[in-house]
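Here we start with a single chain on its own, the form predicted alone, put down as structure tokens.
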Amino acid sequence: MNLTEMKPPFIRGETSVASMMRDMLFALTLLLALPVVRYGPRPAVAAALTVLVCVLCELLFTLMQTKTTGLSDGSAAVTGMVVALLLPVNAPLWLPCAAGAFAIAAAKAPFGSTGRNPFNPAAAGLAFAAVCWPQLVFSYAATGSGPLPLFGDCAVQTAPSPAAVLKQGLPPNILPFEMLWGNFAGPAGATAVLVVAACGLYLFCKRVAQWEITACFLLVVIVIAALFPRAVFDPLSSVKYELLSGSVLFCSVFMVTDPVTSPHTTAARCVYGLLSGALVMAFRWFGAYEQGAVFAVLLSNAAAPVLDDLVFRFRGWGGELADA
């Protein structure tokens, strides 16, 4: 009998890791459109450089570990895109590259190939950048800053993001309707809520992302936002601002649904989504930074195997794994 070793994640059906990564890259690339229109090609350059750094780091570590090289399955490119899109458009170009290099070198490569990393690499890279250079990670170019220089530093006027205003217990001076198209200061690819939602729908239809995680994640965010507003306004306004500001919706679509670091059973996925949403709101209330979603993702990743184990124990080890 011949045994064939396959690399995780293990996915039933005709979907492959490479095809999943292509769909994810397509959705992430769409999020670059509005930043490029508003600020020129600099966001695309930052994304391209970060992807290049991530791919080169992965190939280097592959060569060091196996003495052979091969084409990447696309997961490193996805990591680079996520990192670049969650940083400001005016960030120095070395910042997303440094975050991407840390993501691959510290959160992915030491654990083996794709499918073996316990933590989302992009979340680890962004958390590293937030701790080391918070003044750069949370300094956003004001809307209407015009085309940014292609290379070099951006000496532009900055503005607080709605998430930073909420962190101070104040209502943001912007209408929720204007926030749908990302017309406010914030991460490069996380402000255009309608585009993020459309990309999420595409990924759910392609079964690249699991909708139940996102649904449970957003449900608990909505409930906590309605019950415990961070500023003086009605529950509905609180829900609107919490969902539309910062990286909540982006993380619910592109990060907590990662098939490698999320649970493999449907019941565990639902609990995982609820836990992730609760942790995001906890970091928003009590965290040191205005954007704490990446830290919440890392903590949720640590709980994912435990949730799967509890589901198996509850079922007497008789339950089948859901499609990844």
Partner chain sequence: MRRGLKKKIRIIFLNSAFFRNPVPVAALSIYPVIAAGYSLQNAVELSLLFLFLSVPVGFLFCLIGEMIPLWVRPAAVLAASAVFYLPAARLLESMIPGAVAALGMFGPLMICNSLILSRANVYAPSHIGWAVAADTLGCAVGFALVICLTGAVRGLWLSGSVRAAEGGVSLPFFGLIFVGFLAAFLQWVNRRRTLRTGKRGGRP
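Please read all numbers here as calculations on a predicted model, not as lab measurements. Positions refer to the first chain, counted from 1.
Not on display, but discussed next: the form predicted in complex with the partner chain.
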With heavy atoms only and a cut-off of 4.5 Å, decide whether residue 197 touches the partner chain in the predicted bound form.
no
So in the predicted bound form, does residue 131 come within 4.5 Å of the partner chain, heavy atom to heavy atom?
yes
Can you tell me whether residue 241 touches the partner chain? I mean in the predicted bound form, with a 4.5 angstroms heavy atom cut-off.
no
Would residue 102 sit within 4.5 Å of the partner chain in the predicted bound form, counting heavy atoms only?
yes
Contact stretch among 144-152, 103-111, 224-232, 169-177 - heavy atom within 4.5 Å of the partner chain in the predicted bound form:
103-111
